[in-house]
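Below you'll find only one chain, the form predicted on its own, shown as structure tokens.
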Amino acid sequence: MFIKQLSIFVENKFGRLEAIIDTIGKNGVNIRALSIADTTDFGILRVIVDDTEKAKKCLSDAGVVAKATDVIAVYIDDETGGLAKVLGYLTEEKISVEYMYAFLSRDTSKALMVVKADDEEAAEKALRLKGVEMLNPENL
């Protein structure tokens, strides 16, 4: 089950990140997860929001480049080895993880991780066959 993630180009300039986050919030969109990676000149902000289309439009209106991509959000048992077990399922199927980051889970007994794999459909199938619970987009 895929959810939408926005990848947002952020110039590495003072106040730019805050301006983007503020734009999203002022338009009534709630950020559920985020990750940022940067280089000297720019960064890529990845966010999961409760209304992807609204966030993309308000960012576009503000002159910010944002691209929607599919990712998987998986529930991980909040215990030692929980993440390793799920990653092992992907490794067994020769599926590479391009990146991952944590997601705010409303279930306090489970952690929630966003996973971007090199083959999203194969990753979803492999995890589903192993009984891994995935976040339903309606539950954002």
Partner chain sequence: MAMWQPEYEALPRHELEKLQSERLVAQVKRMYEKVELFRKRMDEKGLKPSDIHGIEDLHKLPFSYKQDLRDYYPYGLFATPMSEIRRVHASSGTTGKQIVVGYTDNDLEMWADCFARMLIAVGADENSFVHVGYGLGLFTGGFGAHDGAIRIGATAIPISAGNTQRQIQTMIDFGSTVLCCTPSYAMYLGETIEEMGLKDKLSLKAGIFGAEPWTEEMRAQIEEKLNIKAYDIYGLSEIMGPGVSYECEYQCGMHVCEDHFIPEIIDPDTGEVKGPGEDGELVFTTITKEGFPLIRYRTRDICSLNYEPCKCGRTHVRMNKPHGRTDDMLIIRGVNVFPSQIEEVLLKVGGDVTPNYQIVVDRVNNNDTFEVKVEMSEELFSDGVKGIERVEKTISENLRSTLGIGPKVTLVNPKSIVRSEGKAKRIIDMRKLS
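Since we're looking at a predicted model, the values are computed, not measured. Numbering follows the first chain given and starts at 1.
A second form of this protein, the form predicted together with the partner chain, is not displayed here; the remarks below concern that form.
Chemist: May I ask you to state whether residue 128 is within 4.5 Å of the partner chain in the model of the complex, using heavy atom distances?
Modeler: Contact check for residue 128: no, nothing within 4.5 Å of the partner chain in the model of the complex.
Chemist: Should residue 7 be classed as touching the partner chain in the model of the complex when contacts are defined as heavy atoms within 4.5 Å?
Modeler: Judged by the heavy-atom cut-off of 4.5 Å, residue 7 is in contact with the partner chain in the model of the complex.
Chemist: Within a 4.5 Å heavy atom cut-off, is residue 41 in contact with the partner chain in the model of the complex?
Modeler: Residue-level check for residue 41: yes, a contact with the partner chain.
Chemist: Hey, in the model of the complex, does residue 65 get a heavy atom within 4.5 angstroms of the partner chain?
Modeler: Residue-level check for residue 65: yes, a contact with the partner chain.
Chemist: Considering the partner chain in the model of the complex, which of 102, 83, 37, 31 comes within 4.5 Å of it through any heavy atom?
Modeler: Selected residue: 37.
Chemist: Taking the partner as it appears in the model of the complex, which of 56 to 64, 88 to 96, 23 to 31, 72 to 80 has residues with heavy atoms within 4.5 Å of the partner chain?
Modeler: Looking at the other structure, the answer is 56 to 64.
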